[in-house]
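Let's start with one chain on its own, the form predicted alone, as structure tokens.
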Amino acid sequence: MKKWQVAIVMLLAALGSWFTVGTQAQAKTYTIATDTTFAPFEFQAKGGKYKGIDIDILNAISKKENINYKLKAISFGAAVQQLSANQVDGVIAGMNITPERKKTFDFSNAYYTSGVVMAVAKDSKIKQFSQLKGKTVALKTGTAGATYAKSIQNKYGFKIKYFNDSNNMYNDVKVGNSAACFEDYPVMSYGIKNGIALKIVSKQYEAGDYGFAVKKGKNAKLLKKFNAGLKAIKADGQYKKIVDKYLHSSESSLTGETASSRTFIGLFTQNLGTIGSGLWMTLELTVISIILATVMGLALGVLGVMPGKVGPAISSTIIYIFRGMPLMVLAFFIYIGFPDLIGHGFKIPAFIAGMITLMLNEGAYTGAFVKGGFQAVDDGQMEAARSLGLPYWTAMRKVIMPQGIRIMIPSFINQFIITLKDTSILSVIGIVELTQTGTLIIARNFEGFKIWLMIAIIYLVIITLLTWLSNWVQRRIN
């Protein structure tokens, strides 16, 4: 073969390789949402890696069908809402296939069949549904257990209390705030075997099928691949191995927990990396949001003291809206409601949505005290500046604003502390900040008291440092 022929062959091979790589790079990556606390179907193991029946089934099917996906662990309620708003492409979270849900979602073939049981505290004397009359029952939002309990509520006369995650539901029963809870049998059985101080007192009721869900009329290709992969892993025995692994293995072999790692120091050391990541996310959100909120607040403050009626009216309206709206509602509106309104597959990343939420909420509060700070400067200061021939904006910039900002500095630091604490609410849209990190760790080891004490100490240390900074600044100003 001549040299020019060799060159052409090599060029064609290179182009083919480039085309293949380019095609692979363009392959769609699906975002699949799952629950955070539904062991043994999904939970975070040692090192922050997610495990469970659902996760392993998804991994096995993805390998069979070459599905590229990114996992997103959030509460079940948030996962369902985000699927409805096209923020995620699918949900695998022990989701029961029901006629009501079929109106909104398309489901895969059933990959697991489960029943519902009632569990009570270990020392409880309740054994029958009839003993629940007048008492409170704890339920997890959106689960088969919640659906079944709701269906028998009128017959047995009990009250209902809802939770977003399993661990808080279990603890509510454990401490006696609720008389019982209803849960899927494999989840309740796994939890009791691994340390939850409850007991099952009923047989299994209302067996239901779990399915992988996509929004109705969307991602038909993904659903088809899931069904094909599910059939394949059942045929080759992988499915049975996955289920047996989680229903019949010890806790330590699945989660990495040992007796020594359950001490306070052991828990802190083992989860240091995970807690550090959550803390960094909290600080990152706080710093960026407070900078943006400060800019927004200064603008609102200046508008609020402008001559005339238009500026103050705009400032007052914006402050009224965003200061009066609950932070969680605002977060859901920006992350789920707004993209759903726009449609056409529009998405907002969770971090950006969280940042905008904090900016608008904290910016409104900042605008209120900035406006108050400018108004606290004696009116004679502006009159004197104008009498010297200074234009209004020059007088504001050189006379009023320096004095007003000096008055406001302690308030700015206090707002920084408030923003830091408010980041915990953003876990509802799937941001894994410090509080959500604690929830994920507890879902694995059920050491609620120790983990929340650890998280509380971290918050208190940071807030104490900021308080010292605030006091130091005030002393310097005085």
Partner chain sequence: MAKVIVKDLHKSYGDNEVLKGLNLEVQDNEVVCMIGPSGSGKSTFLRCLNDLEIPTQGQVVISGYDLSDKGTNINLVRENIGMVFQHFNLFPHLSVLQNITLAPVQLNKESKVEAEKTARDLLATVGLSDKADAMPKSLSGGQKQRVAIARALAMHPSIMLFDEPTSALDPEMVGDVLDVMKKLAAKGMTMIVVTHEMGFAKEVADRVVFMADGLIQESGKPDDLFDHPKSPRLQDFLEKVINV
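Owing to the predicted nature of the structure, the values given are computational and were not obtained by experimental measurement. Residue numbers count along the first chain shown, from 1.
A second form of this protein, the form predicted together with its partner chain, is not displayed here; the remarks below concern that form.
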item	value
One stretch from 173 to 181, 288 to 296, 130 to 138, 388 to 396 that, in the predicted bound form, holds residues within 4.5 Å of its partner chain by heavy atom	388 to 396
Non-hydrogen atom contact Ala384 with its partner chain in the predicted bound form at 4.5 angstroms	yes
Interface membership of Ser124, its partner chain in the predicted bound form, 4.5 Å heavy atom rule	no
4.5 Å heavy atom contact, Asp244 and its partner chain in the predicted bound form	no
Close approach of Gln403 to its partner chain in the predicted bound form, 4.5 Å, heavy atom	yes
Option touching its partner chain, based on a heavy atom within 4.5 Å in the predicted bound form, out of Gly324, Gly237, Gly343, Gly380	Gly380
